[in-house]
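Take a look at this single chain, the form predicted on its own, given in structure tokens.
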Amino acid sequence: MVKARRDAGQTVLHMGFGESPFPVHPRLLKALQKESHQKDYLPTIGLPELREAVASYYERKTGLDTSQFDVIIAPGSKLILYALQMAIEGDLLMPVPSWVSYGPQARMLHRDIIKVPTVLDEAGFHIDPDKLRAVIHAARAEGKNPSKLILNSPSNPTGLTIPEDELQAIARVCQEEDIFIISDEIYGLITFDGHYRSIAKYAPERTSVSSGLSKHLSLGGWRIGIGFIPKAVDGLHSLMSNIASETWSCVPSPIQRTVIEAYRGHEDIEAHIRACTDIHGLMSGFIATGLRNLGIIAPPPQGAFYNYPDFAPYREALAAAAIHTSVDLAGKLMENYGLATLPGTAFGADPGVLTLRLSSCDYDGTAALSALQNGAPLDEDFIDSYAPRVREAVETFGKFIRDNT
């Protein structure tokens, strides 16, 4: 819909799709040119040199003891998540809100989805360990088999992180209740305080980590995902390898050989990641501040490139304007204001919860990155110069509120 309208010459402010806008790093472009002739099938679980580089990189960056895990390479982290859901029998414990694919993957495998309540506030994304335990016990009493919990921090759709002490408490519940943890850390290197958080540190014997390069290096279309499979779960790595063999075979050879460079720890690539993260932080923070100034609930994002505002303060006024659900809300913004968003229902929320997922990536990332590297300060003038559609989107929310409340 966005593309069709833009092709027709209409203005659309695109906060619907989360694709990091920055250019491919020159070192990786050069490496891809060098490796473009490679055409051989590689080992199903990934090129050994790449798996070694991934393990070493994550040990240095996160402090995780990667010797406790086997590494697997896949065409995107989504397939690793699906393969893990397939490999671990039983039903899925899914926090609400969660990324859009977790639930559909469980349904494709004919597994029940057991929703776990969360709290979102200025301190982050919270899962109460006592409530998690109660949900597990209630599901078992209903005859369900909760066996795995999927987490995502920083979170898509909220841009919030789970505090470190709460990760530790969640891990303890999972150990005591025999729950496997699937930790989706695709945004792990986009945290605005620079701190990498992983629940795998607290339960390495029952946690699998998935990640990749699509977010912090803007390489979504290269389809490269990585997974850490705990050695302590007997047979899991072998089963994951079998699933990979019968589905994706291997990641393309030129891509695997190229992205070894992304895991070498080169200072120019690390500086690129930090710069892109700083710009993400500016954009997401600007949006949150603008929405809060309009009376909308919008906790300051702590990572990734998303906001998840709640329009509950305007529930009665919006109902009078025939806006009763998040789908109504997103539809009205698109049809009448040219503002593309995603409704909270896409992320597991009940229809009457008036939340939206907003991406903060509707700007020219190449121009913005170049300006920062040339000394431009990250302030509101930067947004006016390099991300005018981000400002216009916030202003459009203001017009929407004035028109409908």
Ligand SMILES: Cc1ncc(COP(=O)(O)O)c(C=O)c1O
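This structure is a prediction, so every number in the text was calculated from the model and none was measured. All residue numbers are counted from 1 along the displayed sequence.
FYI, the form predicted together with the ligand isn't displayed, but the following is about it.
Can you say which of 326 to 334, 285 to 293, 231 to 239, 74 to 82 gets within 4.5 Å of the ligand in the predicted complex, counting heavy atoms only?
Of the options given, it is 74 to 82.
I need to confirm a contact call. Of W99, F180, F125, Y314, which residue comes within 4.5 Å of the ligand in the predicted complex, counting heavy atoms only? None of the other options qualify; the answer is W99.
key: Contact residue in the predicted complex, from N156, S198, T161, Q256 (heavy atom within 4.5 Å of the ligand)   = Residue within 4.5 Å of the partner: N156.
Query - 4.5 Å heavy atom contact, Y187 and the ligand in the predicted complex - result: Flag for Y187 set to yes.
Requested in this report: Determine whether any heavy atom of K215 comes within 4.5 Å of a heavy atom of the ligand in the predicted complex, and answer yes or no.
Outcome: So K215 counts as contacting the ligand.
Check: Is K144 a contact residue for the ligand in the predicted complex, using a 4.5 Å heavy atom cut-off?
Finding: No - in the predicted complex, heavy atoms of K144 and the ligand never come within 4.5 Å of each other.
Practice task
Report yes if any heavy atom of R223 sits within 4.5 Å of a heavy atom of the ligand in the predicted complex; otherwise report no.
Solution key: Yes, contact at 4.5 Å.
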